[in-house]
Structures are given as C-alpha cells and as structure tokens.
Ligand SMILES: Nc1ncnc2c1ncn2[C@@H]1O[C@H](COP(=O)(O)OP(=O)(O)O)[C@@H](O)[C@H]1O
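In structure tokens, the next block holds one chain alone, the form predicted on its own.
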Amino acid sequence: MTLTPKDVAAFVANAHAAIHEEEQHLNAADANVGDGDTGSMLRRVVDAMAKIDTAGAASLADAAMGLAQAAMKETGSSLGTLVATAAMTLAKAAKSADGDIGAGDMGRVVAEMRDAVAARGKAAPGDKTVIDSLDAIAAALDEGPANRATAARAAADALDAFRDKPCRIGRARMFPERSTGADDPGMLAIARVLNHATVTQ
C-alpha cells in the first residue's frame, strides 16, 4: 500500500490530538533538565502543521514539504527544527521515489530521518535523544511488520532502555544526575504520539 497525502494528514491529526493531551506531561519532563516548555513548543508546531491542507496536496512530497515549512515558520527551538527536518526528509524520499513509498519502505525512510536529524542536531545514537527513538523504530520496521503498532512498541522500548542512562548532549548533559532515571522529553513525545496513533486507529 502506497503512502498518500491523506495518510500523512491522518498522522498529523493524531499527533495534534496526542500533543494537546500530553502538553503538560511533556513540559514536566523537560523541566527536569531544561526550560520546561517542550510540550508547549510542540503544541505550537503541530498546531501550525494541522492547519495545512495536507490531505489535498498534489503529491506526497508536496504534503511533507508543506508540513516542514509550517514547522520551520513556527518554531524557534532545536526540537521543532528537528521535526521540520524529519518532514523534509520524507519529502525528499517521496520525490526521489516519484511518490511510491509503501509500508515496506518506511524502515529505510525513518533511518534517513534519523541520519538527517542527527546531522542537524549534531547528536548520535546513544546520546539519549530522539535519534535513539528513530534508530529503534527504523530497525523494528525493517524487521516487520511495518506498521504503526511496531513503531509504537519500538519507541516505547527505546524510552525504557534509555531511562536509566544520562543524557550526553545539550543542556541535559550538564545535569547527569537529573537526566539519569528520567525520560528524555523528545523521546517521550515520540512514544506518546505513536501510542496515541495506534490506540485511536
């Protein structure tokens, strides 16, 4: 089954609902080592993305690029920029494949997102960031089945695996005692969004 603009629009709608539910929880997770605004920042970004007519886009590449542009205009944060980078990576993958991206391709596409986000954020697997979530999701989708439930389980497993490790990048690295035993807010956001998408399918 080929991914369509309507599929992307449905995912954004799920993400929009999830972030609105989780905003304060994500803010609390971020307050442990940061400014305490991850949830509010993601809500603004996803609000902007939800206003785009993604379902009516002419192509998958156009749909993803529209989301990337909306995210970039709204965010002033590093995590918001990474959201835009991930959407732009999907746009590039869709364009190079002439829009023919199916479920079986998503492991590769998520791996490309991981690499693009890592380059933009100057982080690596093992640093306890969203890159670790994307790395786990890419591997799980490659093993299959390539669906949202698989991605959600991988994101939850990554969150559990890294909870008791210190963050090794960004402001959180300066407070290893605070980040150890706590969830990275970006990883938590991915897990909650994917879980919401799976539960509400």
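Residue numbers here begin at 1 and follow the sequence given. These numbers come from a predicted model, not from an experiment.
The next section is about a form of this same protein that is not shown, the form predicted together with the ligand.
When contacts are defined as a non-hydrogen atom within 4.5 Å, none of A9, A57 and A91 contacts the ligand in the model of the complex. A residue is said to contact a partner when one of its heavy atoms sits within 4.5 Å of a partner heavy atom; M187 meets this definition for the ligand in the model of the complex.
Within 4.5 Å of some heavy atom of the ligand in the model of the complex lies at least one heavy atom of D35. Though the partner is left out of this view, T85 does not reach within 4.5 Å of the ligand in the model of the complex, counting heavy atoms only.
Residue contact with the ligand in the model of the complex: G121 places a heavy atom within 4.5 Å of it. Of the candidate stretches 128 to 136, 141 to 149, 46 to 54, 59 to 67, only 128 to 136 contains residues with a heavy atom within 4.5 Å of the ligand in the model of the complex.
A single residue from the set M113, M106, A71, L79 has any heavy atom within 4.5 angstroms of the ligand in the model of the complex; that residue is L79. Applying a 4.5 Å heavy atom cutoff to the ligand in the model of the complex picks out I169 as the lone residue from 154 to 170.
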